[in-house]
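Let's start with one chain on its own, the form predicted on its own, as C-alpha cells.
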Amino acid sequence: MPDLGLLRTTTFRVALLYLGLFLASVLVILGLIYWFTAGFIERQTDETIAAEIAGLREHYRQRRLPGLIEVVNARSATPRTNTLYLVASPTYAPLAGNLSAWPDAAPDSDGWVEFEIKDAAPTPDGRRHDARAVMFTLSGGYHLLVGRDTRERGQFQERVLISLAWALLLTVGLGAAGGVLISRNVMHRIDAINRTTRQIMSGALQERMAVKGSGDELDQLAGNLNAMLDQIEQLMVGMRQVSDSIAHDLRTPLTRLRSRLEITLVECAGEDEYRGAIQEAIGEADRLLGIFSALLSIAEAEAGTLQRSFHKVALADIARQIADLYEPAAEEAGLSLDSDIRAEPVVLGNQQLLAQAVANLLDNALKYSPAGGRVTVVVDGPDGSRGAFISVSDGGPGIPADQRESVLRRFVRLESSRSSPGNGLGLSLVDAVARLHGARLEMDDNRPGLIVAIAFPRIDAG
C-alpha cells in the first residue's frame, strides 16, 4: 500500500509548494529559450525575404520586366533552394519562378501571406509543405511573390518544443521525487521524536530524543527538548527530596511535641507543669511554622514572579538595618559585629527578600562563631569588572570547599553543625534570593571562618 499519510504531511505540502514555484520559474526560462531559438529563426526568415524583395525591386527598376524574369529564373533554378519566387502577369498568369500558380490566399495588411505549396514533392512523413511569403504588385500591373518554404523551420520548432516538454517533465518528476525523499527524511526524524515523546508520557522519564549531531534545526529541537526534560527531571527529583526531607524533619518535632503532651497529661497535675508544657508546645509549633515560612519564601523566590515588583534598593541601608537588628544578639553571644560600608550601591530588587537573605547570613555567622570572635558585614562596588556585593564574614569552622555546593540544597546540614539549632534552609533561601536577582552566592575561606557574598552582576550605565 502506498504511504498516503506522507501526502498529508506539512513537509510534503511545503515541498509541493516549492515545486510549484520552481516549475513556474522553469516555465518562464523555457519560454525565453523558445523565444530566443525558434523565434529567432522565424525573424531571420522574414529578414531574408525582405532582403530578397529589396534586391528584386532594384532589378526591376533597372532592367524592368525582362531583367526581373531573368534573375527570378536564375535563382529559381538553384538546386534544393527553399526560397520561393513567382512573377505573374496582371491576370496572375505565371511568367517566371518556381511556383506553378499564384497562391489562392489573401495577404495581410503588410502583404505577408502563408499558404500550402500544392505542387511540392511529398515528404517522407506525409506532411504538407507550407510557405510564408510577401506578395505585391509592380508598376505596370505585374505581380511578384517572394517567400520561403517553412517546413524545415516548422520541424525545428517542433523539435524544440518536444525537447522543452521533456525537460519540463523531467523537472516535475525529479522535483516530486526530491519532495518525497526530503519529506520521508524529515518525517522519519519527527516520527522518532513523537515516539520518544509518547514513551515519556507513558512514564519512561529517562528516555531522550535522538540527536544525530548534524546541528540542523531538528537536532537543535531535540537538544532543547532533552535539556527541558533534564530540567524537569531535576525539578521532580528536587521536589521528591524536599518532600522526603519535610516528612523526615517534621516527624521528629511532631513526635516530640505529641510525646511531651502525652507525658504532661499522664504525669503532671499542677498548673505550673501544664503551663510549662504548653510553652514548650508553642516553641515546637513556632519552629514548625518557621520551616514552612522558609519553604514558602524559597518557593516564592524561585518562582520569579516577584521580579515584576523590583525597585531600586540601597544595599548599604539594608546592611545597616540588619546589623543594628543583630547587634544585641552579637553582644549577648560575646561577639563583635562590624559594618564596613565602602560604597552606596543601588540595585534593582525586592528589599524584603534581600533583607531576609542578609539576616540569614548574619544569623549563621553569629551561630557558628566562637565567643570573642568577630563578624563583619561589607558592602562595596561596583568596581572595575565586578558589580556591587554584600558579604558577611565570620571566624567559625567554615564550610569545606567540596561541600559548599551541597549546603545550598534544602534541609542539608553539615555533621559539625547538627548540634546547633537550625533547619538547613537558611543558605537555600539566600541562594534562591540571589538567583532571583541575577546575582551569585559566593563562599570563600576566611582563614579561619567563612565569607559568604551576594555578588550582583555589573550593569553598564549605557
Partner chain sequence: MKILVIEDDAQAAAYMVKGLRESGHVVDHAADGKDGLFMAGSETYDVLIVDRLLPGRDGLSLVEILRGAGTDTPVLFLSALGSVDDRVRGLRAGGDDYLTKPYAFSELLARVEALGRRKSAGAAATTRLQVGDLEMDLLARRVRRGTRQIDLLPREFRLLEYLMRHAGNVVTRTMLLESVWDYHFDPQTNVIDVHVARLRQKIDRDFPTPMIHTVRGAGYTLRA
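Everything numeric in this text was worked out from a predicted model, so none of it was measured. Numbering follows the first chain given and starts at 1.
The protein also exists as the form predicted in complex with the partner chain; that form is not presented, and the subsequent description refers to it.
- Heavy atoms of Pro328 reach within 4.5 Å of the partner chain in the model of the complex, making it an interface residue.
- In the model of the complex, at least one heavy atom of Leu289 sits within 4.5 Å of the partner chain.
- Contact check for Gln279: a heavy atom falls within 4.5 Å of the partner chain in the model of the complex.
- A residue is said to contact a partner when one of its heavy atoms sits within 4.5 Å of a partner heavy atom; Ser76 fails this definition for the partner chain in the model of the complex, lying far away.
- Heavy atoms within 4.5 Å of the partner chain in the model of the complex are found in one stretch of 350-358, 197-205, 84-92, 388-396, which is 350-358.
- Exactly one listed residue, out of Glu284, Asp363, Asp380, Asp149, brings a non-hydrogen atom to within 4.5 Å of the partner chain in the model of the complex: Asp363.
- Of the listed positions (Thr252, Ser139, Gln231, Ser309), a single one reaches within 4.5 angstroms of the partner chain by any non-hydrogen atom in the model of the complex, namely Ser309.
- Contact annotation for the candidate site: Glu300, Ile318 and Asp324 all lie close to the partner chain in the model of the complex (heavy atom within 4.5 Å).
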